[in-house]
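Have a look below at one chain only, the form predicted on its own, in C-alpha cells format.
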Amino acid sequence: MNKLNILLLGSGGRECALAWKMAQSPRLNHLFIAPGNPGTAAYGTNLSVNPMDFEAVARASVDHDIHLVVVGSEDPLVAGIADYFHSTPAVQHVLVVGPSRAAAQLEGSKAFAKQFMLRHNIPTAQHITITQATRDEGLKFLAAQHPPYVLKASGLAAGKGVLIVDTLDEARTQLLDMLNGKFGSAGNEVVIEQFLTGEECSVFVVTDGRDWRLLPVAKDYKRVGEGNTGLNTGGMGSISPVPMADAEFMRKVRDRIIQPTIDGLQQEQLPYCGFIFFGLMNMGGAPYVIEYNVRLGDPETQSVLPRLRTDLVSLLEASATGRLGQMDVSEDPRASATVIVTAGGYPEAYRKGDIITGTDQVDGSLVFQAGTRTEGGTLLTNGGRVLAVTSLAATPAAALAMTYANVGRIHFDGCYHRRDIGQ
C-alpha cells in the first residue's frame, strides 16, 4: 500500500474536518495544512503558507515531498491553482484535487454558471445578468418580478454577495449599489433571479470528470437569527441526512442535475476533478439548482464527513487519477448534527482575542476549530465563526441533543449560537 504525503490548503472549519477525516486513513503518511488553525494541528503539521501564493505552495510541495494537494476553499481554485501545478515542471507530478480555472467558473462566476445550466437544460430559476451598461434592463426585470427579490454578485464575495429583499424600492437601490462597488469587482455583474420557494438541501459529489460518487446529503442554516431571520452568514449549522431528500427526490437530482452537469463539463472540455456542491431547492418534489460550488461547503462538511465510511484519501486519489469508477462509497446510517458557535456581532463587526474555555469538557462530540488562534498555550477567538460542534447518533433528535449539550460546555465572551438547528 503506497502511503501519501498530503498538503491541504485552507484554515477554516471545513479544513479542520477534512484534516480529521484524512488523519484516519491508513493511506496517509504525513498531512500538512497551509495555513491551518490550532484545531488542524492535532491531525498534521501546519505550514505558514498562503494558499493564494502559488509559488510558495509549490515550494512547500517540493520541500515536503507532497504527492497530493487538496484545495479546501474556492479562491485558489478560481484563481487557477490546478492549472499552475499542471503547467509548472517542478510540481507537474503532484496530484491536485480541484478543477481547472475554466471549470471553477461554476462558482467564480454566477453568470457563467447560469448560462452553463441553460446550455445543458439543468433546472434553475429564471434570471437575467446585468452590468452597469444594462442596468435599465435590470430595473425593468425587477419591476416584472414578485417580492421577495434576489440579487447575486456574480463573482466571489466570501458568502456575502447574495441579497434577498422584500420591496421593489430596496431591490432597485441594492442593484445600483452592487453595480457601484458594494461588493467590489464581484458585483461588476449582478444576477437577478426569480425567488424560489421550497426547502433547500446541499448535495455533494466527488468526480474525476467522467465518473462521480454521491456523498451524504446535508442541509445548512444560513441566517444568523433563529427562525431563519436576520443577515445571511457563512452558515450557522447543518444536519445530515435530510428528511425531504428521499429516494425519489434523489433520483431526480441524479438524472436532471448531477449527470447533466458532468456531461456538460465533458462536452465543453472543462477539466474537472474534486468536489462539486449543488445548492438545491425542492419545489414540490422537483429539484432546482440555486448555485454551484467547486469545493465542499462549510458547515456542511462538518456533518457530511463524519457520516462517510469510505476512506477519504483513497477517494481523493481516485478522483485525481481518473479511477473513481473503481470506488464504492458507503455512509453511516446514523444522523449527524453540527452547530456553529460564533463571535458576538457576527456577521457584522465582532471581537477577536477572547479566551475560549470548555473545549476539553466536550463529551462524545467532535469540535472542529475555525476562527481560532493560540497565544502562550491559550486558545483565543480569531474569526466570526469560531468553531463547530458535531455529533453522530442513532436519530437526528439524539444527535442534536448531544451537540447542544456540548455547545453549552464551551464559553467565550459574547459567544452565540442558534438554538433551532434541525428544527
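In this text, residue numbers run from 1 along the sequence as written. Quick caveat, the model's predicted, so the values are computed rather than measured.
Same protein, other form: the form predicted in complex with a small molecule, not shown, and the subject of what follows.
Contact annotation: residue 310 falls outside 4.5 Å of the small molecule in the predicted complex, judged by heavy atom distances. Shown alone here, residue 193 lies within 4.5 Å of the small molecule in the predicted complex, counting heavy atoms only.
Looking at residue 177, you'd find every heavy atom of it more than 4.5 angstroms from the small molecule in the predicted complex. Residue contact with the small molecule in the predicted complex: residue 150 places a heavy atom within 4.5 Å of it. Note on the interface: of 319-327, 284-292, 134-142, 207-215, the segment with non-hydrogen atoms within 4.5 angstroms of the small molecule in the predicted complex is 284-292. Taking 262, 224, 79, 162 one by one, only a single residue has any non-hydrogen atom within 4.5 Å of the small molecule in the predicted complex, and it is 162. A heavy atom within 4.5 Å of the small molecule in the predicted complex is found for one listed residue only; from 75, 170, 331, 200, this is 200.
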